[in-house]
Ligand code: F6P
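A single chain, nothing else alongside it, follows as structure tokens in the form predicted alone.
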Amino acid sequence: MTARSSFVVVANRMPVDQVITETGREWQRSPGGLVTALHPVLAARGGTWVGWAGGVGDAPEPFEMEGVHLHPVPLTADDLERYYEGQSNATIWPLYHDAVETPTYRRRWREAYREVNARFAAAADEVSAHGATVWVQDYQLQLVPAMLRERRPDLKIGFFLHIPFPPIELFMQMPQRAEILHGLLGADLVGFQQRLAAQNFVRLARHLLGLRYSGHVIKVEDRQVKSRAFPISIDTTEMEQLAASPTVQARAKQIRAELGDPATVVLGVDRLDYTKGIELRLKAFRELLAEGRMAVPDTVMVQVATPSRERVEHYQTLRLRVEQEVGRINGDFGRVGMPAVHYLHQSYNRTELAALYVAADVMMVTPLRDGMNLVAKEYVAARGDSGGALLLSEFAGAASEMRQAFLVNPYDPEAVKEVLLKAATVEPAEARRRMRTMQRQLRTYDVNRWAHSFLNELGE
């Protein structure tokens, strides 16, 4: 008999990874802000996390780890191809990111998305106690709230979208548009990264379904659905302590030495995704080198591009373009043993990332569209009182909170070049002042406050 919980999180992925150790296979808690924020809440309430455990075929039996019940949901190879790589990441992802790449619409993808969402809803029903709070996460599971409410009207249901929510004109392209909107409206509270996204949602309910609303509250039959912004953040204290540790400080010095002790280290850390603006930032750097306004070896760039969705065609094409641009820059401006761009297409643990943040003078975060971007916040938290400069796209959600960053329109190559020069040459006193202001904001509104503010609003 499955244990039932009063607090349930439903997400595409489980908060654990299976790793191979000397004693065999075992589960380890995943890194990341969402897991960090929700684990204490789940553990305190004896809660359950419903999600996919990785791999295809039968899911592992439910198990417990660090005081949290884990309830795996199975996915087949076809599910991964159609629900995840197809509908979630080739249809919804590009559409919600302002159609930076053209979305692909396929009927069998939509059918798989519906079937998998029903599977997650059934699993959530199975593990939820009477009157439980269920918090559904992100764009892969937008149909779950309504499916779950139909099964269990006794539940308190929240939904949080971690990526942008598009304006009405873009959302209306979606063949499944009414079904997705009905799905989200199954929640009592729908949370977004930005206030404008929450407003888009309310207006869409009126435009597409004719529903009445007052302020941020939508009237759905005999219920009220709230639409609010809850900008996600990071575990600020954890990053500050990690970056200040002797291990990370020593590694940061070693990194600068390995780069040839340049005057300026420019850093980019992104998933290899077409929304992140990696190509545009590389081209801006190339043009500054060509114009003689930056020079190697005084300035070097490090670009970490974490592998992502490598079976999706858009991502395969992007990797080729990025690697061609890196090769062009290094061919034109690099020297023997001294490349202009150090390109790293691999994943790094948090200790190595923190060392990179400490080593970098300028952090370039230039997405064409981003719900938030936690890398920008991690860089600021890691800097301590050493200054540094954050160059940040106006189209990242973080820009609304981090006004002391060097903000830029990533679509304007001349603006990117000028702002990069300005960030690289900022006076140390001004750099520290900007950082201190952003650090205060991060300490005030960290990931724990984000989680509690959402759950408090849902509980009212």
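Counting begins at 1, following the sequence as shown. Treat the numbers as computed from the prediction; the structure is a model and nothing was measured.
FYI, the form predicted together with the named molecule isn't displayed, but the following is about it.
A.B. asks: Which of these residues, 361, 138, 125, 188, gets a heavy atom within 4.5 Å of the named molecule in the predicted complex?
C.D. replies: Checked against the cut-off, the match is 138.
A.B. asks: 283, 195, 271, 152: which sits within 4.5 Å of the named molecule in the predicted complex by any heavy atom?
C.D. replies: By the 4.5 Å criterion, the partner-contacting residue is 271.
A.B. asks: What I'd like checked is whether 76, 82 and 109 together line the named molecule in the predicted complex, meaning each has a non-hydrogen atom within 4.5 Å of it.
C.D. replies: No, none of 76, 82 and 109 comes within 4.5 Å of the named molecule in the predicted complex.
A.B. asks: Hey, of 257-265, 116-124, 323-331, 84-92, which bit sits against the named molecule in the predicted complex at 4.5 Å between non-hydrogen atoms?
C.D. replies: Contact-bearing stretch, as computed: 84-92.
A.B. asks: Is residue 251 close enough to touch the named molecule in the predicted complex, meaning at least one heavy atom pair within 4.5 Å?
C.D. replies: Residue-level check for residue 251: no, no contact with the named molecule.
A.B. asks: Consider residue 163 of the chain shown here, and say whether it contacts the named molecule in the predicted complex, taking contact as heavy atoms within 4.5 Å.
C.D. replies: Yes, residue 163 is a contact residue.
A.B. asks: Looking in the predicted complex, any heavy atom of residue 309 within 4.5 Å of the named molecule?
C.D. replies: Yes - in the predicted complex, heavy atoms of residue 309 and the named molecule come within 4.5 Å of each other.
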